[in-house]
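First, one chain by itself: the form predicted alone, in structure tokens.
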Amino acid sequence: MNKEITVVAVDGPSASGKSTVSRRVAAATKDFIYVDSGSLYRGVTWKCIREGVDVRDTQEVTNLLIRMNMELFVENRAVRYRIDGVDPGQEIRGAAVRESVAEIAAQQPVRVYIVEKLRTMAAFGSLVMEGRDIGSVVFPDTPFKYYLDADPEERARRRSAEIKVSEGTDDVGAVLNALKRRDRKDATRATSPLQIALGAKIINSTGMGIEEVVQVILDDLRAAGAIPPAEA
């Protein structure tokens, strides 16, 4: 990794606040670009569904990866992509993708493919990248590694609120069960399981506001000289 490029790795389970915190950290800096690594796994899942590929069939999924083209680009200081010329947009946030993405994310060929894509993003500049294996696998050498967590019930409330806004449904119990299933799958998968990266700072955000968490990361970046001091 280029020494002039800084990567902030923000890992953690679903609905731990990674996305909101990472976006705000990137927005509070002058040049950092936000990356939602999970959106790439969702994109592959979306493509499988679109092409009628069985998400549980690793060989079929691998064949899809070989023939498809994921084009990365930066827009509004965030990395986005097109798959075979199509931007999947908000379709990757729908129920069909949400229910199948864990199957895709657990497959070794998919993780190898996505990790390679994520590492090439350093060519765009300094990054705030959120995911589940950013500090442990994708950029293990970055000194800025964070593991965000929160109590399962709090995470379920957060995710349920998001789904209510986008889909109009509100079932915290069902969301909690889904999160627990995803946690088990993420923690036990053979390739790049969810874990706390060596040297990562653990932040339990259950009783914290988003800005408090953001401030912890910004203070670390300023102390290391990765971003300018705060204005008085």
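Nothing here was measured: the structure is a model prediction, and the numbers come from that model. So that there is no doubt, residue numbering starts at 1 and follows the sequence shown.
Note that the form predicted in complex with cytidine-5'-diphosphate (CDP) isn't included here; everything after this is about it.
Taking the partner from the other structure, cytidine-5'-diphosphate (CDP) in the model of the complex has a heavy atom within 4.5 Å of a heavy atom of residue 42.
Residue contact with cytidine-5'-diphosphate (CDP) in the model of the complex: residue 189 places a heavy atom within 4.5 Å of it. cytidine-5'-diphosphate (CDP) in the model of the complex is not approached by residue 156, whose heavy atoms all lie more than 4.5 angstroms from it. Though the partner is left out of this view, residue 213 does not reach within 4.5 Å of cytidine-5'-diphosphate (CDP) in the model of the complex, counting heavy atoms only.
Checking 79 to 87, 93 to 101, 120 to 128, 143 to 151 against cytidine-5'-diphosphate (CDP) in the model of the complex, the stretch whose residues place heavy atoms within 4.5 Å of it is 93 to 101. Contacts with cytidine-5'-diphosphate (CDP) in the model of the complex, taken as any heavy atom within 4.5 Å, map within 17 to 31 to 18 alone.
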